[in-house]
Every structure is written in structure tokens, then in C-alpha cells.
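Below sits a lone chain in C-alpha cells, taken as the form predicted on its own.
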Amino acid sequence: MKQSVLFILLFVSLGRIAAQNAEQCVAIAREQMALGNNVVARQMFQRVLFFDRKTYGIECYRELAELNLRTGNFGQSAFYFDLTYQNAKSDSAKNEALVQKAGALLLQEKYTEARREILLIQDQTEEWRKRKLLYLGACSYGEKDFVTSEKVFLQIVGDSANAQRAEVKKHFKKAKKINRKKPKTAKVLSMVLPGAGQLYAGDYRNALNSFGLNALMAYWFIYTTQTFTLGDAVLSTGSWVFRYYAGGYQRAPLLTEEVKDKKLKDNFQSLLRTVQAQ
């Protein structure tokens, strides 16, 4: 009997110590997050999950999701936001976790998965209606379905906000114009005139560099031909001309996609500022 009582007392004491240690670990982890020591903070939260998942699980899931989001580990962030959603006690907490997970998926360009998470939200209040529309519009924009995305964003601003509606339409007109740039066209232009593909893509700096370099190569070719012979000119400049020529037209399609992507993202950020100015 005495042994049973001793074991019970020991078990209770250990439980209290573990709880105290877990609470201290959570406090230390938050402190390390604030200081920017993300690796230490991650290890502390994971330690708490190992020893006291029942008490501090949802709190650690949420913090780990935010931590991974901050450090650019969007896949792990979505994973922990999903665990937050599964363990949340209230509908509002579940909805918030779904939105955060959708955001992490959007950053990975997983638009179909993000849309699926947003559609799980059942809250019909005006605030949540607009938040859902915002994310759905973002999904369509990411998929370059600008017609659908424009309709969604116009729903967000409403029928009475004429100035904002005009701004939204302007942003989508710009997005469609940016998206019309074709990588194959850039390649063909670069083959016809080195630098023209970069100019078409909108990379004016590289276009000017290419024009200048090729003009220099052309001048050197002509100078060598007049001073020495055509054969000397071909030998001295041919390899350099081919190197930059071939590199230019091979790079042009990739450059076009890169410039398009950046301009579309910048345009989307401007679109968000317009919508959020309500």
C-alpha cells in the first residue's frame, strides 16, 4: 500500500516538473524567436511537443508554422498550420489556420491546394467573405486566369467604389499586357538582332549591354579585316561573337519568363494595396 502511494506521489511530482519545464521551454523559445535565433527556437518548440504535446501542442504548432513561414520553409509552415487547424477548439481558430495554410501554399505556387483550403471555410460573415474572395482571387491571378481574378477582386471592392474599381481594372489590363510577352518571340528577336530579345522582355539594362558589346565586336571585326585580313578577323572575333550571340538567344526565353514573373508579382502587390485601401 505504501509503495503504491509512493509511486503515485512520484508520478504526480514528475508531471509537475515536466509541465514546469515545458512552460519554461515555451518562454525561452519565444524569446529566441524575438531575438532571431530561429534554429534554437525551433528546437525548443519541438522539445516541448515531445514532452508535453497535450498541453502545449496547438501553441507549438502555431509558433512553428509562423517560424517556418518567416524563414521561407513554406512546406513545413503549411504542415504545421494544418496541425493547428486539426487541433483548434473554435471555428474562428480553425478558419484562421486554414487561411494561414492557404497563404503558405500560395507562396509555393500550389494554387489548387490553396483554393481547396479556402473553400473549407464556412463562416458567412462579411469579413470572412472578403478574406475568402481575396485568396480565391489570388489563386486565379497566380494561375494567370486574369478574367476570373478580376471578377473576384471587383466583388471585393463592391459596386459603389468607382475609383477603386477603375484602379482594379487598370491593374488587370496591365497584367494581361505583361503576360502577352512570349519567350519564343524573345528568342527569335535575339537571333535576328542580339539584344532585341532582352529589349522585348523588358530588361533594358541587359539589352543595352548586349547592343554595346555586339557593336564593339562588329567594330573590331571590321577594323581587323581592314588592317589585316578577313581570316584574321574571323579567327580573332568569331569565337567571341558566336559565344555571346548563342548565349544571348538561348538566355532570352528564360529572361522573358523571369521579367514577366517579377512584373506580375509587383503588379499584384500594387493591386492588393488598392483593394486594402477600402
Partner chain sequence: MKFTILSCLILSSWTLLPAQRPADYQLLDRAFEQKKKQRLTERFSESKQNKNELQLLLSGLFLTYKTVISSQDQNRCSFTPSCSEYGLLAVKKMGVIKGGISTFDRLTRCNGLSGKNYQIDPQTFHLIDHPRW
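Positions refer to the first chain, counted from 1. This structure is a prediction, so every number in the text was calculated from the model and none was measured.
One more form of this protein, predicted together with its partner chain, exists but is not displayed; see below.
- Contact annotation: R205 falls within 4.5 Å of its partner chain in the model of the complex, judged by heavy atom distances.
- Contact annotation for E258: at least one heavy atom lies within 4.5 Å of its partner chain in the model of the complex.
- For the chain shown alone, A78 is not a contact residue for its partner chain in the model of the complex, no non-hydrogen atom being within 4.5 angstroms.
- Contact annotation for L69: at least one heavy atom lies within 4.5 Å of its partner chain in the model of the complex.
- Just one of K174, K181, R131, R115 comes within 4.5 Å of its partner chain in the model of the complex, counting any heavy atom, and that one is R131.
- Here the chain stands alone, but in the model of the complex its contact with its partner chain, taken as any heavy atom within 4.5 Å, falls in 247-255 among 247-255, 54-62, 220-228, 39-47.
- Residues Y111, R131, L134, Y135, A138 are the members of 111-138 with a non-hydrogen atom no more than 4.5 angstroms from its partner chain in the model of the complex.
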